[in-house]
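Before any questions on binding or motion, here is one chain by itself as structure tokens, the form predicted on its own.
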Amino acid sequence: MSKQLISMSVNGKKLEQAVEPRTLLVHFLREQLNLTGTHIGCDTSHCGACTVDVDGKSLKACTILAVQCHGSEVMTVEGLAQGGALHAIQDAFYKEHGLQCGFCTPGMMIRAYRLLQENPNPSEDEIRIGMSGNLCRCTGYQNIIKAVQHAAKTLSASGLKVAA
């Protein structure tokens, strides 16, 4: 199968790369760009471990082809930290113990990032609904909810925008 040249911005860096048209975004990110923070969980879009931000929307990278992202802005968990400093969301997950095994964490953080873009001060119910497309088998979710609340408060108190 012939490759197709695509261009996109990934974590703020513009790139051009040749891909097979059938390559899923999750495989493109992990195998061609070596951005392994985006995890492959269920391959059916149910778990959310592969969640990335594409053009301002949370998408499951196992359900979209890399060629569909031609011209897009893509952010993975690696794009959250800036200048060696953790993003407020990453710091909150650390401080509130919002992870155990860490497998779902990248997708959770990216979904929390988009949720806080859409609603900077969500209630607990809004967080639960907003994060419902991402599954965790370890934490019982309570500390994930606390982490999102903590990040929202930190961002609000500092006057920072959620954007990385």
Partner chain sequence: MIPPSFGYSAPSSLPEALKLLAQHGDEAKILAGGHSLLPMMKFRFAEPGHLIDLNRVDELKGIREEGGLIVIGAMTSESDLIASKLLTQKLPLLAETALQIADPQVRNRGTIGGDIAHGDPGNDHPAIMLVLDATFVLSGPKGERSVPASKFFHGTYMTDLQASEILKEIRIQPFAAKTGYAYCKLKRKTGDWASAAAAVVLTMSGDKVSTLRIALTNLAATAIRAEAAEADLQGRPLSDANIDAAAKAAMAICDPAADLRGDVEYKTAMAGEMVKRAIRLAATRCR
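Numbering follows the first chain given and starts at 1. Note that this is a predicted model, so its numbers are computed, not measured.
Unshown form predicted together with the partner chain; subsequent notes refer to it.
At the 4.5 Å threshold, heavy atoms of Gly12 stay clear of the partner chain in the predicted bound form, well away from it. The closest non-hydrogen atom of Glu20 lies within 4.5 Å of the partner chain in the predicted bound form. Interface membership of Asn119, defined by any non-hydrogen atom within 4.5 Å of the partner chain in the predicted bound form, is ruled out. With a 4.5 Å cutoff on heavy atoms, Ala152 does not count as touching the partner chain in the predicted bound form; it lies far away. Residues Ile129, Gly130, Ser132, Gly133, Asn134, Leu135 of 121 to 142 are found to place at least one heavy atom within 4.5 Å of the partner chain in the predicted bound form.
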